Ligand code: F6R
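Only one chain comes next, encoded as structure tokens, the form predicted on its own.
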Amino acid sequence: MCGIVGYYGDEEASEKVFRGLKKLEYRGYDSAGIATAGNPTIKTEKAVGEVEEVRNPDIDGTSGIGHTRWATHGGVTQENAHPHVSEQEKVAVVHNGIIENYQELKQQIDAEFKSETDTEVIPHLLEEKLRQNTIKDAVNKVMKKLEGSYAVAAMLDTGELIAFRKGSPLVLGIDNGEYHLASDVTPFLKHTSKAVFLEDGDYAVIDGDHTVYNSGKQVSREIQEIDWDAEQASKEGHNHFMEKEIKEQPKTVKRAAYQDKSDLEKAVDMIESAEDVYLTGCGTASFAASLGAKYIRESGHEAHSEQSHELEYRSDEITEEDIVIAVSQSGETADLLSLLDETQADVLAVVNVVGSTLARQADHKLYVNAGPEIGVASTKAFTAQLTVLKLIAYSLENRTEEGREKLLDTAEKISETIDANRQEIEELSTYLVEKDHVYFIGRDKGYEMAREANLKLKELSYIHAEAFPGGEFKHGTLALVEEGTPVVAFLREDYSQAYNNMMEAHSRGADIVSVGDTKIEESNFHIDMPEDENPEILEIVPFQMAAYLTAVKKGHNPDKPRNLAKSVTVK
């Protein structure tokens, strides 16, 4: 995944684009670049590393595009950094996604290629088609040649901007004669709350106005008001976005709980009228989906859960009589969207990003209302997803208002849970810094908590970690436990069995980290939990904080874990 920014207006574009890229660093940080049009040619500035490497580029012009890259095709080099420019320097392009037939296209293009990327075919094709076509027709012909998923912002040497997309997000911000292009709304929230979300196959020409086309015909796209505050996307005095987002969860869980009653009723109707219910997502969202399936089963309705990239292999089992509950923070996850393309079932989206592809394609949606989540590792979006899924289950039992009150009560306990365990979390993170391996175990819903806690630790600290059902741990993995091996055990309503699994590890010399409402004598560390109707929301927060602190103490940037991106928009 990469970040795209564009600007068209009356001010210096390079500064506008740079500031927009800073808001998108979480989408990629292998390399960055900016291009402007003016006086009279395209000028570029590119560098390996973070966006800061292209601060104050010596390039002028009132139209510009920029890019922060997470490499897919071609190594991390200055030559492979975007923007890429056509041979006659008439067109510059930034691109997110994959052009699957780029090798074939390269053979058809009579031009010198300067990079190893799939992206570079696009400016060459555009320059070729523009020689004999209008901008609108040239873009339409280029899009017909491209195979794969992509979001593209192109700039002509005459200053016009072009935006087109297929399978990857691209949004246009409109601000009193100025126009902003971006992969999501965060780069331009400071300037405008008016946004046009381009749909699959759309291409827009920005030349003092904006015109949107699809398949050669002009189309109308609604200008939407985005209610995220620009301040929500800033650190607000915290050291990292992740720290801020962890501490925001009392507010975000409350916002998630205030779902409109009619929206919940429609979701309930969809579930009750479906023959089968499938919940799916990827990464953290898949753990939320798995818990959601358990919540729904407890409400008396059958439900299945599987990660999207695996469920796609069984997509022929999902009929138009079924429902898919799709869980995603970004709404742009490629594996999830690919699965949905293979099914005819109605889709209920549990999603954070307004106007995302998932939100637009779903038959009905419940926004989790977590606001911008900038840290790559999901925190507040996860607990907001659990909140909405819990509320659906309560509604299936005709207990919507009771459930909402219970969730609001849970939200009040989040800060208390962090404060009560602050010293233990601090000491645990210091201990983990010196460890190479950590194992997490839990039973029933405790297993999902083990999986999510494990994921947070390894993606931020780069410590090898694994999660297992408590009963499975002794079937092989126990052989890896030796003196001083950390084992984290979630002790819940199935206390005795989980306790026995924990003691099996303890007897082999493991250091025990217990999680529950009673301190265990054998524990080296204990994370104390208050009694609550929604324990999963509380249990995960101390481990979000422990993973964050461990990463900081190891010298890592927790907002930008290596090799990872916020939204995985390629399969």
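Just so it is clear, the structure is predicted and the values come from calculations on it, not from any experiment. Sequential numbering from 1, following the sequence displayed.
Note that the form predicted together with ligand F6R isn't included here; everything after this is about it.
This chain is drawn without ligand F6R; in the predicted complex, the residue among S168, T284, T186, N501 with a heavy atom within 4.5 Å of it is T284.
Residue L455 is the only one of A362, I135, I109, L455 with a heavy atom lying within 4.5 Å of ligand F6R in the predicted complex.
By the 4.5 Å heavy atom rule, the three marked residues S328, T333 and V376 all count as contacting ligand F6R in the predicted complex. In plain terms, the part of the chain that comes close to ligand F6R in the predicted complex, with a heavy atom within 4.5 Å, is 455-463 out of 419-427, 267-275, 405-413, 455-463.
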